[in-house]
Structures are given as C-alpha cells and as structure tokens.
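Only one chain is shown below, in structure tokens, and it's the form predicted alone.
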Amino acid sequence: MYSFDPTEEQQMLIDAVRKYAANDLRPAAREAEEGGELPKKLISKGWELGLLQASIPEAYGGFGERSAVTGVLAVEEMAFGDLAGTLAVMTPSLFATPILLAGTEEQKQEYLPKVIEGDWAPYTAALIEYAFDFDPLALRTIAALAGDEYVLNGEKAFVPFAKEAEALLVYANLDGQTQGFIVPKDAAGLTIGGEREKLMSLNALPMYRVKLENVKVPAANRLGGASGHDFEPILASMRLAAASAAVGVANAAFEYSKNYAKEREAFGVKIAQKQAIAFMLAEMRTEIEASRLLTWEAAWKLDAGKEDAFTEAYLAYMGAADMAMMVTDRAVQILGGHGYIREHPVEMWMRNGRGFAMFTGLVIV
C-alpha cells in the first residue's frame, strides 16, 4: 500500500514549487491574463525547477526517474498559483513524456536531450480536435501509411505554443487506433493558424489551430516505431495531470473564499459564521479532499502498473472536472458582488474551472 507521506525528495520539490507558485505565478497571473502573455522570465524560472528533467533518466540527459505521484503533487502546487503559467511551464512535457513512455530507443536518444538539456523551448503536442463529440480514442485526424512514410490529414485545436514550436507530437487515427507522430515545424502541409484561440480563460497561454494537409513524415517518426504504441498510458497521464491541476485551482478558490468569509462582516458578524456559507465551505473542502485522494491513488496505481490504473485515472479526471466547477462557482458566490469583479481572482478561477472538461491534452505528468 502506498504512503500518504511524501518522500524527502518529493517534499523538497513540493516546497520549491509552492514557493514559485506563491511568489511568482500568483502575483503575475492577473496581468498575464489581461495582457494575454506570460513573461518569458516567469516561464524560464518555472522550467528551472526541473520537474520534467527530474522525470527523465540520466541516459537521456535528465537526472531522475518518472513518477506519476510526484508529477501530480507538483502540478497541484503549481496550479494553486496559476493555471496558465502551469500549462506553459509544462508544455514541453507534452512532447517529451510520451516519447519517454512509448518511444523507441532511437527516438528517446534523438529527442529527449534536445528538450531537457537546455533552456525552456516550445516543444508541444496536438491532440484535441474542434468537434462537439471529440473522443481521444476516435480521432478524425487520419494517418495513412504510404510506402516508407505516413501521410497525416486533419485539424487540431488548442495547441499550446504551436506557432513557436520546434516540433509537434501529433496524434492521429491509424487503422482505428490513436497513434503519435513526430512532426517537424517545417513539414510541408503543416499550417499554424494566424490568430490565437479565443477562449473563456487561459488568455495568457498562446494556443492555435493546426491544419495538416497531406503532411508526410518518415515511418521512423511514428511513436514507438513500426509497431506503434499503446495510447492508454499516455492518456491516463494526461488525465491525471488535468485532475491534479483542477485540485490546485479549486483549492486556490477555496482558500481565498474561506479567508474572505472570515474577514467579511454582514449584520455585525463574520459571514463565515452564517450557516449557508459555512456549509458551502465544508462541502467545497470535502470535494477537494476526495478528488485529491482519488488522483493520488490513481497515480500510485499507474506507477505500480495496476490493471485498473487507466480506469482510475479516468474517474479521477471526471470527478475533478466536476469538482472544480462546483468549488470555483461557490467561491464566487461566497464573495457575492465582489466575486464578479476583477479586483478578486475568483472569477478567473471560475472561468478556469469551467474549462477542465476539455483540458485533456494540455498537460501531462
């Protein structure tokens, strides 16, 4: 059975991420959201924490071993500071982690050192498609084998840093299976949308549409080589990352609204003493803790290779997405009229919380 106590190394990482979230991400979040851009220095500082580097073995330029549990602990702490900043710092993981999990030895040797040995660079991935019935296991982007090449056709949405990306890991439907393909930035037929995606939240994170029109990549660029790969471990890692980020955002909203309720007076008493407010806060905390524990357990099962790990990751993600919507909405309610204005961050967290239903593919642990 797993322990609820982090290891010494995990605690050191958590403390470092918590400090970065509180001192750097949180103070910059509102200006970045309004201005539509995260300072490069802010992203670089988060990169220097070494979250991705610590999950890559020394043979590929890193200094550790991958742990889904460590990943969810770190993502939750960072998202407590700001979600857009978290997704920006973690964007290279979208490219590197699947290669670590499912790539051939040649792919690992070629690409992983490029991503992690230098400064933060916008390596990214394209999974989400602009469809009401989007299903990561039934993609509309199609890959077809033609001789010694794969030909990709389709359109992707919400691809972070696509315009600046050194390379993209594009997921496509190959004979009914979701498979990843490494696509260089200068591939013929690859078109990045001229305008950024316009969303309800995450305005500080540059995301773009990506079109693939007869994009040809060598057969060696198929993730896992000729035999391909199992997409389930990658998808489970994405879902756990999104779940842990949802817990972080929800906890930020809870803590802020709780502290507000303890200070705000109405009719001569603190509103935290009002039964309706106290019950809301209690339910918010209960749901956060439930989602946190479910996410931890699913991450532990993924690390341990348990058969039900993929199902548990799905349940953790679905539960956390609903929980984040509820908690952030309640935080706005507790602040009353103040919750609706930009003077307080809860309205931004509510907009972030509403998006977790479609955030799979934007972060991975």
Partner chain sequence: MPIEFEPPKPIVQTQFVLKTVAEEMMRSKSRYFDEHEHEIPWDYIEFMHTAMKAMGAGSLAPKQNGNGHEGEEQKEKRPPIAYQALAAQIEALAWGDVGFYLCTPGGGLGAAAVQAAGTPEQRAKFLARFAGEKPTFAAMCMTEAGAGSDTASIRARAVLDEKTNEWVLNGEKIFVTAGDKSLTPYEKLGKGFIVVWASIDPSAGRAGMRAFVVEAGTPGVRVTKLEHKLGIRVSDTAAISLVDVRVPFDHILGSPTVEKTTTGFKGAMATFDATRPLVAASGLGVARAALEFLKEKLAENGVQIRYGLPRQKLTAIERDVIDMEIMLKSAWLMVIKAVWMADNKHPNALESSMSKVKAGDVGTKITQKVVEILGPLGYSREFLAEKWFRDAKITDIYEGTGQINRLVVARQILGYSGAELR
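Because the structure is a prediction, the values reported are computed rather than measured. Numbering follows the first chain given and starts at 1.
A second form of this protein, the form predicted together with the partner chain, is not displayed here; the remarks below concern that form.
The stretch among 316-324, 37-45, 335-343, 53-61 whose residues place heavy atoms within 4.5 Å of the partner chain in the predicted complex is 316-324. Checked against the partner chain in the predicted complex, the residues 123, 80, 254, 158 give one hit for a heavy atom within 4.5 Å, which is 254.
Interface residue among 73, 112, 152, 236 relative to the partner chain in the predicted complex, by the heavy atom within 4.5 Å criterion: 73. Put simply, residue 102 is far from the partner chain in the predicted complex: not one heavy atom of it is within 4.5 Å. Of the heavy atoms in residue 275, some are within 4.5 Å of the partner chain in the predicted complex. By the criterion of a heavy atom within 4.5 Å, residue 286 is counted among the residues contacting the partner chain in the predicted complex. A residue is said to contact a partner when one of its heavy atoms sits within 4.5 Å of a partner heavy atom; residue 174 fails this definition for the partner chain in the predicted complex, lying far away. In the predicted complex, the partner chain lies beyond 4.5 angstroms of every heavy atom of every residue of 74-112.
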